[in-house]
Each structure stands twice: as structure tokens, then as C-alpha cells.
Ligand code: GUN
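A single chain, nothing else alongside it, follows as C-alpha cells in the form predicted alone.
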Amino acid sequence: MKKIDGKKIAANKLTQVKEIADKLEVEPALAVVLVGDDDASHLYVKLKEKAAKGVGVELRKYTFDKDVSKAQLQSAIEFLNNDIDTHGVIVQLPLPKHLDADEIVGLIDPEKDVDGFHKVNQQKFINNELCVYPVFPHAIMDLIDSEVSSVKNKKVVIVGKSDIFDKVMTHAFEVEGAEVKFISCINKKRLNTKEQTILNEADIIVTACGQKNFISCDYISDNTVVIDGGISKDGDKTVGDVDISDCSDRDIIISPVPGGVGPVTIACLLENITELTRQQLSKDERD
């Protein structure tokens, strides 16, 4: 088993991001809306903050109690949308149960949507229109590109629980000429025999279920590239969707959890904020 070094890939991308940020007329400013006291969310924001500082991006945190109302968040996001000194906005997920994540993310101005989660930008991406590359799919493709020269004609299987992720990730592969199949992991504890066979025939597997040990190495053929984008807890440990305990003697290439998709996603996020800043500066010059 070979582990893909996501930290190294992220470091290389961050070097390029810093070079771009240094050439901009202003320092890119990223606003992060952080709600509640979820330990993982606070950790992720700290990691983003550290990486942002290293490339010359100003990260501003806007924190709210877990019982914040939709109206309060809407007011804050509207302020950030209209603030010319804020170049990008993200809402750190997950949100407390009384808040609808899609609805809150939908409040962000698409031109300041750094994550690429807004429905307008997702549709633009699928339509091959100008927009930022959604960060999670972008990180996955970067990890694959580090190991595969081309995905053209490769058999790709995506295992996930989101229609949006399915559509965006499928498009990212199909535009490069891959053959893509999707398997839903919603309300499943294991894959059925047919789904196991589909996985076994794949050249590339992408998983984003958030279910510990959901995929056994028995379902994966040798010479397969596996991008594990799932995150869950096993006691104090952070683990992915793939049970790697029985993969050690297999000829499989896999992104580890942690240290795989996560660092590259942060690098892609910072790449996007520099791009949004450049776009907004260009627009101001035209106006």
C-alpha cells in the first residue's frame, strides 16, 4: 500500500498561491463565519488560519453562539457581501441543527463564495462557465493528478451521500474523459454484492461518506487509486471510510486520513481566495 502525501501536495500548491498573492495590489481578505463550539470546526479554522498567514491571506473570524438565529447570520453575511475589503466568505460546516446549511451558504454572494458551494457556482461549474473550482472536488482531483497522468477512459466510482457532490465530482471526471459510476451510501452500513463488484472493477475510487470502515480492501482491486474523503471518529482518532488495516500488503494507492484530502482542500481554498481577489480588483478597474 502506498499513501499519497497530501501535506506535500498542499505545500507545493501553497508556494504557488503565495507567489500569486504577493503580486496582488491588496492583501486577500477571507471571512470565516464560525457558529457554535464544535471542536472539529474550531480545529479546521485554526488550520486554515495558519495556512492563510503563511501565504499572505488575512483570515477574519466571525464567531457566533450555537443558538444564533438565522436572521443574525443573514445580517452578518449581508454585511460581508457588501464589504469591499472582504474578498471571500465561507461558512464553516457543520452548523447547529436548527440552521439549514444550504440555506445559510446560499446567502453568500456567489462572487465571494470561496468554497464553491453556492448553487449558482455549482451550476456554473457543471456548465463549464467561469467560476472558482469547488474546493473539495478540486483537492480530490489534485491528489489523483499526483499519481495518474490522465483519467481519460479510466473507470471511476464515486461513493457518497450528496446529490450535489455526485454531480460536481462526476462532471470533474467526465470533462476529463473518465467513465463514472456513483454509489450512494445513505442509510447503509455496508455495500451489497452488486456494489462491491462495481468497486472491484474501478481504476479510481473516491469516497465521501463519513462512515468508519465502510469500505473494505476486499472490495478494491490491486493498482487502484483510492481517494478517501470521509472523516469520522474512532475514539480519539480521526479515520476515513476505508478500512486500511488489511490494506498494508496490497498494491493500492490511497490518500490517508488524516493527511490526505484535508491539507489539499485548505490549499485549494486559499488558491480560490486569491483568484476571487484578482477578479474583484479587475472588476473595480473596469467600473
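Being a predicted model, the structure only gives us computed values, none of them experimental. Residue numbers here begin at 1 and follow the sequence given.
Form predicted together with the named molecule: not shown, discussed below.
- Taking a 4.5 Å heavy atom cutoff to the named molecule in the model of the complex, the contact residue among V175, I164, L93, I186 is L93.
- Only one of I144, V135, I215, A202 lies close to the named molecule in the model of the complex, with a heavy atom inside 4.5 Å, and it is V135.
- Contact with the named molecule in the model of the complex, defined as any heavy atom within 4.5 Å, is confined among 115 to 123, 74 to 82, 177 to 185, 190 to 198 to 115 to 123.
- Remark: T274 does not count among the residues lining the named molecule in the model of the complex, judged by a heavy atom distance of 4.5 Å or less.
- In the model of the complex, Y44, K48 are the residues of 42 to 63 with at least one heavy atom within 4.5 Å of the named molecule, listed from first to last.
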